[in-house]
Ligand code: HEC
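The chain below stands alone and is given in structure tokens; this is the form predicted alone.
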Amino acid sequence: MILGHRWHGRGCLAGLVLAASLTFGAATARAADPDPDLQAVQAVCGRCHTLAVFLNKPRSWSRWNDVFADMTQRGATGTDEQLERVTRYFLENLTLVNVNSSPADELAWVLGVPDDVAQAIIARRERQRFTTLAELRAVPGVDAAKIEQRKSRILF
């Protein structure tokens, strides 16, 4: 699935891969273990500011797109591979999702579920809105451990 973000008019970047919640402390620990996506963030975003500027500030995917557009206008550049990795990093670690309103692709990546489970979540929310993590965990195919790990980025 492709998200509708454009870097330098190159078109949409592949890889809507929303996953685990990240705190600044986890980012520091993770930096010790070379993560190519985090390295790309450092290479592209770290040219102008420290990663601490945004690592503790999860946002909706729409809001991140606004930030990317602003940074691009201010001169942020990178190779296609770097920009894809930056996109993936933000989606996997810093994107909020609302289980009652987010589209299926965002649900799939942030919650770490297959597309069919994301569709089941949408079907369930159309019948009855989610109000708790327990209700979300009750959807067949939802991994309770992933939900627990990502709970700080899951909204209702």
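Counting begins at 1, following the sequence as shown. This one's a predicted model, so the numbers in the text were calculated from it and none came from an experiment.
Only in words, not in the display: the form predicted in complex with the ligand, which the text now covers.
Chemist: Is Ala104 a contact residue for the ligand in the predicted complex, using a 4.5 Å heavy atom cut-off?
Modeler: Because no heavy atom of Ala104 falls inside 4.5 Å of the ligand in the predicted complex, the answer is no.
Chemist: Find out whether any non-hydrogen atom of Phe90 is located within 4.5 angstroms of the ligand in the predicted complex, and reply yes or no.
Modeler: Contact with the ligand, yes.
Chemist: Taking heavy atoms only, is Phe68 within 4.5 angstroms of the ligand in the predicted complex?
Modeler: Within the cut-off, so yes.
Chemist: Flag Val44 as yes or no: does it have a non-hydrogen atom within 4.5 angstroms of any non-hydrogen atom of the ligand in the predicted complex?
Modeler: Yes, Val44 lies within 4.5 Å of the ligand in the predicted complex.
Chemist: Please determine, with the chain shown alone, which of 59-67, 95-103, 123-131, 108-116 has non-hydrogen atoms within 4.5 Å of the ligand in the predicted complex.
Modeler: Correct option: 59-67.
Chemist: State yes only if every one of His49, Val53 and Gly75 has a non-hydrogen atom within 4.5 Å of the ligand in the predicted complex; otherwise state no.
Modeler: Every residue of the candidate spot has a heavy atom within 4.5 Å of the ligand in the predicted complex.
Chemist: Relative to the ligand in the predicted complex, which residues of 123-156 have a heavy atom no more than 4.5 Å away?
Modeler: Counting only heavy atoms within 4.5 Å of the ligand in the predicted complex, no residue of 123-156 makes contact.
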